[in-house]
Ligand SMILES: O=C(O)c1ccccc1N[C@@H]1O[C@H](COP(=O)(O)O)[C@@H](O)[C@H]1O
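First, one chain by itself in structure tokens, the form predicted alone.
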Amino acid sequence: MTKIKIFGLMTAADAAIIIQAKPDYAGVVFAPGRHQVNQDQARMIRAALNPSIPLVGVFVATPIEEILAIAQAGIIQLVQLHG
């Protein structure tokens, strides 16, 4: 079965568009780059998303404590690691 993840969300408005597409997952990038978000932005995106769409956090060489804090705060439901 194919699963679809749309990532690179940066605003609550992006989340509203994603809701219409109904992907299996949505993603935010915490790694440095043009799509990078901070915890506050990710929290707003999570609040704007349909609760049935898990939010994936994409991390590159991030300390595990930081990743766990974001996950335990309920901002993201899944973790994607690179690097």
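All residue numbers are counted from 1 along the displayed sequence. Computed from a predicted structure; not experimentally measured.
Below: the form predicted in complex with the named molecule, not depicted.
In the model of the complex, the named molecule sits within 4.5 Å of a heavy atom belonging to H82. Contact between R43 and the named molecule in the model of the complex is not found at the 4.5 Å heavy atom cutoff. In the model of the complex, no heavy atom of L55 sits within 4.5 Å of the named molecule.
In the model of the complex, no heavy atom of I67 sits within 4.5 Å of the named molecule. Note on contacts: among I19, A71, V60, A12, the single residue with a heavy atom within 4.5 Å of the named molecule in the model of the complex is V60. Contact annotation for 11 to 26: no residue has a non-hydrogen atom within 4.5 angstroms of the named molecule in the model of the complex.
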